[in-house]
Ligand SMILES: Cc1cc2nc3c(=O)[nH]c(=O)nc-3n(C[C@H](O)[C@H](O)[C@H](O)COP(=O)(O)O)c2cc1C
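What follows is a single chain, given as structure tokens, in the form predicted on its own.
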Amino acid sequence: MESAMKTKTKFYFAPMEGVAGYIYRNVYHEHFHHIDQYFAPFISTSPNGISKMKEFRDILPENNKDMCLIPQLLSNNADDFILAAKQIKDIGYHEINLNVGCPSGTVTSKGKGSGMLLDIEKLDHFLYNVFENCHRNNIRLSVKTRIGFYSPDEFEKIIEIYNRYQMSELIIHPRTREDYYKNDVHLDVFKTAVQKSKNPICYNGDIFEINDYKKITEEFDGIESVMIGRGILKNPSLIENIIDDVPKPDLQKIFDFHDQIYDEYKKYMSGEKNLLFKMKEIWLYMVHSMENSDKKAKKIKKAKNIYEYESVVNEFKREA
């Protein structure tokens, strides 16, 4: 029997917009037990604070019991951010994450997410106001960032800005906005961050299997935390695989997880069409944990109704 991997690494669940809302998180947390912190998908701020009830409902403590959840805000206006931060504190949270990483065009075109990296003087001014207020109100603040907008060379100036502020953590996805999720991660730039950052560093990006995790933690000895998003969606048992040093996904646990989340979405979602769309969205990732994933993905995609969907999933179970 293979021995378990010795690790003191903290594991974070990345804020996966559209997929990993509170229903997903709760079911996941019931089946898989090694996530130290969950980061909620970003909430966009407004002059009225948090204006979308759906986003507010996602972070309500009663919807996220028995887990450590960190709300994330997307903003480029300090006053809007501060108002939303106070609302979040009022419901019981004492730490918030700032999104300076989202590469979506609809976000960056408004100067938000990684779009904030286009004007680092403006970013510095924003951070000054936000950190001053958060510290005064005993709110811890972490930042999730990319390493630049166009070029990795931008990071030298960006890290100088970040070093001016006392963060609970600096979470770095070592790609530029232009890289999107393509191209290799820039580990040379991440090395610069490890060497120069005055804040604790968390690594985020392209951890899909055990060897990806080993490469990062061995090359950057001393990294205390890693954030994983797509890797967990593709293989929900990934963290257990890492800790137990077992390379293959635990398909039985994954199917048990699937069955429960399917039942939960049946309760909360109106209409078969919406339910089918949500489950196909989950399978878009999760199918990669199985053999012949391309073939299985096509079968899921072709399902026209719940009966066909359930038949395909039962076929997957028989083949596992």
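The numbering used is simple: start at 1 and walk along the sequence shown. These numbers were taken from a predicted model, which means no experiment stands behind them.
One more form of this protein, predicted in complex with the named molecule, exists but is not displayed; see below.
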property	result
Heavy atom of P41 within 4.5 Å of the named molecule in the model of the complex	yes
The named molecule contact at G205 in the model of the complex, heavy atom, 4.5 Å	yes
Non-hydrogen atom contact R177 with the named molecule in the model of the complex at 4.5 angstroms	no
Partner proximity in the model of the complex: H173 to the named molecule, non-hydrogen atom cutoff 4.5 Å	yes
Contact residue in the model of the complex, from I242, I228, L141, V189 (heavy atom within 4.5 Å of the named molecule)	I228
In the model of the complex, segment of 104-112, 84-92, 228-236, 214-222 with a heavy atom within 4.5 Å of the named molecule	228-236
Heavy atom within 4.5 Å of the named molecule in the model of the complex - qualifying residues of 95-131	N99
